[in-house]
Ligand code: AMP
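We begin with a single chain expressed as structure tokens, specifically the form predicted alone.
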């Protein structure tokens, strides 16, 4: 089977998403990282009335400069009375502007005495936040499919909402395979064993997306056990993610079990790391079979599984962000696959540079943990120090 370019693989995989999850109403406290089920428009103005942007004095600009009697005190949260002609109102940040006032003069520009204050000239509208200057009725606050951030929660609260419609989170089954894997905390390693990192990193990637993890543990390299575990996962999950067992070795059984118990739609990507990726379905449930090497598993999940999961969750997969950076490394031998190199960013502006974080082996997790992004190197390309390269920030993956 020929290697599939990443762009083509994404187009094919995303085209398989045909349904969205059910939705529910949740209070704002429970809404962060959930995906909005419908567009939310404002029903009121924010701020609801003209208010003061500063501590000071509310005046009619025609009455200053000069000395004015202080006719009222207006703290935030208290309704003012109309401003008496030729007077000033002591006012505080966020307080509603009295009718008849059209300017705020800062307290540090005033000379206050016993019941009076001497004020400089003022321009109409200065230091006043106008009604609806932030939000007006009918403004779109959050689009359908948007993943709610903490700042979105604050915005919705400022518009008077206490609950929002969100899609129910997907249930994603995670299953790793390998006789050599030992769970962290289970004791010392025996000869030939390594600790299972994929089970933890993949579950973390799923939870960061706001989805639920069904932990299916680790399976030995036994085809029957793997196949039965895949069918159990298919019965309770919206999607299955596996790590290991999709290459061409004699102990790689996940790929064959997908084919025997469902269908394989895609295998082998033209990327490095991450070539042996499988996508298909088991008993009607979509499955991503990721490579077993931990860096490969992380990167293929981020590049391929994440966009599909976001779309299946009812969200809007964003184009993968890339920005140009000067290379502080060189590549003298062009590759045949699109390559994603782990890089650290240093400097700023024109001096921003991307340096390799160390070994680019697909089993070296330190180089991934220390990276700020992935430098994307096209097939057949060489790089000299100082050349522009495109970098995908890890925080956006």
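Quick caveat: nothing in here was measured; it's all calculated off a predicted structure. Numbering follows the first chain given and starts at 1.
Just so it is clear, the following notes concern the form predicted together with adenosine monophosphate (AMP), a form of the same protein that is not shown.
- Only one of the listed residues (205, 87, 196, 285) places a non-hydrogen atom within 4.5 angstroms of adenosine monophosphate (AMP) in the model of the complex, and that residue is 196.
- Interface residue among 180, 259, 102, 222 relative to adenosine monophosphate (AMP) in the model of the complex, by the heavy atom within 4.5 Å criterion: 180.
- Proximity of residue 293 to adenosine monophosphate (AMP) in the model of the complex: non-hydrogen atoms within 4.5 Å are present.
- Under a 4.5 angstroms non-hydrogen atom cutoff, adenosine monophosphate (AMP) in the model of the complex has residue 252 among its neighbouring residues.
- Under a 4.5 angstroms non-hydrogen atom cutoff, adenosine monophosphate (AMP) in the model of the complex has residue 176 among its neighbouring residues.
- Interface residue remark: residue 244 is counted as part of the site for adenosine monophosphate (AMP) in the model of the complex, having a heavy atom within 4.5 Å.
- Stretch-level contact check against adenosine monophosphate (AMP) in the model of the complex with heavy atoms at 4.5 Å: of 309-317, 232-240, 79-87, 285-293, the positive one is 285-293.
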